[in-house]
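Here's a solo chain for you in structure tokens, the form predicted on its own.
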């Protein structure tokens, strides 16, 4: 009996936003007389950093410091429509909505500044809260003064609105499934390499190291991106070796009655985690960004399963990869059956699955 080390790799892709239309996001922005910016968006922040990201997009697009922006999504009566925080859509879909609203605000600010400075708006830009004349940096006007002039001199409220909605992708070829427009706003890609240690006597799988590479399009906030990926890695680790809704799903039999009966990773379970951020800009996301919210915990379980196979030569094809399932798979292998093999692109069995191999958690379909 011994402990064995193995390595496994899994690659995935994930769309940003819903496909086939139906997930609009809207935004409204107003400039107060002191030049500060209020952003109204319906996007809920559930730990994904939506408020921060959308505020950054607004500040960058208008040309003002980040701390000038206040994000308000306090209730659905005062906020525009947002379909929700799901489908990895908050940065891409809702981000595009606030980007459009911010661009409209900037255009109106420059129109007022143009009248005040007697310089064409096409020759002006906003940099760090200051309107500057291109080619003549000494000719400036604070955005706060522009906003005050709009309010008290021109009688205008500077606002901007934006909305984003994926176009409906109609099928043009029923045989191939070809559509007339992209069904998703952006596609993200990722890979996870896992190194595990498997004890063939106890069946315990310990994750030693995970290296992950994520194509995020553009990391608008690199710290948030890295934190989201690392948080997803811990979730993926839990799904891979610990977390089970209840043992006889969908039957509620033997379901845990309290949170303590549901196992999630603790500090002692965490492996060495390394994150590689790849910026491959999307043509449709704000500043090239892509959504990575949900995919952050998708690649770890299959990578762990492949690493277990590399370590002890068995496929555990039902999650989580518990000690019991590892030992049953090892027993099935020792008995001469129950493990799949690869033929080209297909995974097949040499013989029909036995009752014992099905009970062990092997859920592959036999092609023999």
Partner chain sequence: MNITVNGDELEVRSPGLTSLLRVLRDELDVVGPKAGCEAGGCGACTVLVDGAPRRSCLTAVAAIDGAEVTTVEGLGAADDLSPVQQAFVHYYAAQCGFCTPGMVVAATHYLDSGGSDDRKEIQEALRGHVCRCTGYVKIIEAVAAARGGNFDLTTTAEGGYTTVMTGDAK
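Bear in mind the structure is a predicted one, so any value in this text is a computation, not a measurement. Positions refer to the first chain, counted from 1.
Form predicted together with the partner chain: not shown, discussed below.
- A single residue from the set 276, 167, 139, 144 has any heavy atom within 4.5 angstroms of the partner chain in the model of the complex; that residue is 276.
- Using a 4.5 angstroms limit between non-hydrogen atoms, residue 231 touches the partner chain in the model of the complex.
- When contacts are judged by a 4.5 Å heavy atom cut-off, residue 222 counts as touching the partner chain in the model of the complex.
- Contact check for residue 284: a heavy atom falls within 4.5 Å of the partner chain in the model of the complex.
- The partner chain is not shown here, and in the model of the complex it never comes within 4.5 Å of any heavy atom of residue 334.
- This chain is displayed without the partner chain, yet in the model of the complex the stretch 262 to 270 from 155 to 163, 104 to 112, 117 to 125, 262 to 270 comes within 4.5 Å of it by heavy atoms.
- Contacts between 47 to 72 and the partner chain, taken as any heavy atom within 4.5 Å in the model of the complex, involve only 47.
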